[in-house]
Structure formats: structure tokens, C-alpha cells
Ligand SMILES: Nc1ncnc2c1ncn2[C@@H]1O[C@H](COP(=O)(O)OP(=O)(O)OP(=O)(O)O)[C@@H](O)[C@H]1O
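Just one chain follows, in the form predicted on its own, and it is written as C-alpha cells.
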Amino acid sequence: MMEDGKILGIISIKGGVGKTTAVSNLGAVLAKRFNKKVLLVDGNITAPNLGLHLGILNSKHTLHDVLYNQVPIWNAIQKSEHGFDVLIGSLVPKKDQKGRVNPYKLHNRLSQIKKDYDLILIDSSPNINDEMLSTMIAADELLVITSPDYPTLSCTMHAVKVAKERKTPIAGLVLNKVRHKKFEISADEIESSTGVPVLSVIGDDVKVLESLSKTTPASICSPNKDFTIEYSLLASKLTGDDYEDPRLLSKIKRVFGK
């Protein structure tokens, strides 16, 4: 385990790009393939759905209880069956949980447990509001999820601009739901437009939707699929750990040095 963990904020400012799916799959790969101690946090305060992705519908205590000073953070963390810990939000907040949440509270609470984890992944709100601000304040680095179309690119450019204004370092972009069609925007074009490197290109696959119906990360349901390998490559870039792409084409490229 690293001496002190890293907090990675996963953001986008457009719904439907697969941000929460990316959080759960990256968390599963980090825990299962890289043996990291990982915590997933649902930072989408007003519309939390990370628990729904993982089949965790009820919890005695949630992030809401933590942010409203009703329980210490370690009381609200629970272990998932997938090898990582989870801090979910309340689908229906309690009656005494009203009013604006201080954006600095998430940073304060996570700092109390940061040393206990290699990586803490925050699933941010998809809107530019206090919830996204709280993720940016809490995170050591940001990972921006995007998809290969112009409306999403526009939103991604905006997200990058906001992050740079907040002076939160951006680790890179994840280009998600790629179908490898000519009409899609290429990774090179997206890098040129945003000034941020694309760390991973995740192909669109119906198995990802199938895994959602099973409330299990797709990288666990389909460990040998291309998207799982891409998440593993992404994890290796984020941690600095070695991971060799097992696919035939990658092996051929390594042999010929291309």
C-alpha cells in the first residue's frame, strides 16, 4: 500500500457518458487485478446512483449522514462483494438533512481516511454546481469521462476549463462508448481540442449494459473482454504498476517495436 492514498475525482458535465460505470469498473480492476485498497464514493449528492450500479440499495449510514455531521465517516463505509469499499449516498435523504452542503466538507471527511486507501474514487455530480466543486476540492487529480461526439466534446472542454480554473490537476481523459465509426471524433482530435491526453479508449459493448442488470461491474462479469483490458491499462497508468496487454495485436506490436 502507498504511504498515503490518492483521491481521484471522476467528472463529466454531460449525463449518459458512462461516468458511474467507469467508476465501478475502474474500482473493480484496481481491487481485483492490482490488489489495491480502494474506496468508491458517491459524490452525486442530489442524485446518487453508484449504489444502484452495485446492488447496494440500503445502508445504515450514508455519505449524507457524514456530511450533515451525524456520524463519523468510517461508520458509513461498507465493503462490497467485489473487493472494494463503498460510501453511497441516500436515495431519500432524511427530514433533518436539508440545506446546502458545504463543498469543503467532503475534502475534510475524506482526509480523515485517505491514509487507509491506495485510491479513493469520487463519482461526481454531472452538473457544474457545489457538488462538482466539492469533488474538485477533495481530489488530488481529476479524470474526465467523455464520448466521441461534438455535444459531449463541448461539455468536456467546459469541464476541463473549470478544472483548470480550480487548479485541480487533470490526469487525463477517458474516451468512452467508442464504436470505431468514421463519423466519431478521434482521440487525437479530442486531445487537440482539450489540451488533455486521452489515457484510455473504451469500446461500446452490450456486455456493459448486461452487467448493469446484474448490478455487477462489467470488468468482473467479462474479465477477458476488450473493455476490461482497457480499464486494466488505465489502472496501470494511474498507479504506475506494470500490466501487459494480453491481446494478439498488442503482442505483435511489441515484437516489431511499433
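Residue numbers here begin at 1 and follow the sequence given. Nothing here was measured: the structure is a model prediction, and the numbers come from that model.
This next part talks about the form predicted in complex with this ligand, which is not shown.
Taking non-hydrogen atoms only, residue 176 approaches this ligand to within 4.5 angstroms in the predicted bound form. Contact check for residue 89: no non-hydrogen atom falls within 4.5 Å of this ligand in the predicted bound form.
With a 4.5 Å cutoff on heavy atoms, residue 70 does not count as touching this ligand in the predicted bound form; it lies far away. The closest non-hydrogen atom of residue 53 lies within 4.5 Å of this ligand in the predicted bound form. Checked against this ligand in the predicted bound form, the residues 66, 208, 31, 39 give one hit for a heavy atom within 4.5 Å, which is 208. Segments offered: 192-200, 31-39, 208-216, 57-65. Contacting this ligand in the predicted bound form at heavy atom distances within 4.5 Å is 208-216.
Although the partner is absent from the chain shown here, none of 43, 108 and 135 has a heavy atom within 4.5 Å of this ligand in the predicted bound form.
If you take 15-30 and check each residue for a heavy atom within 4.5 Å of this ligand in the predicted bound form, you get 15, 16, 17, 18, 19, 20, 21, in sequence order.
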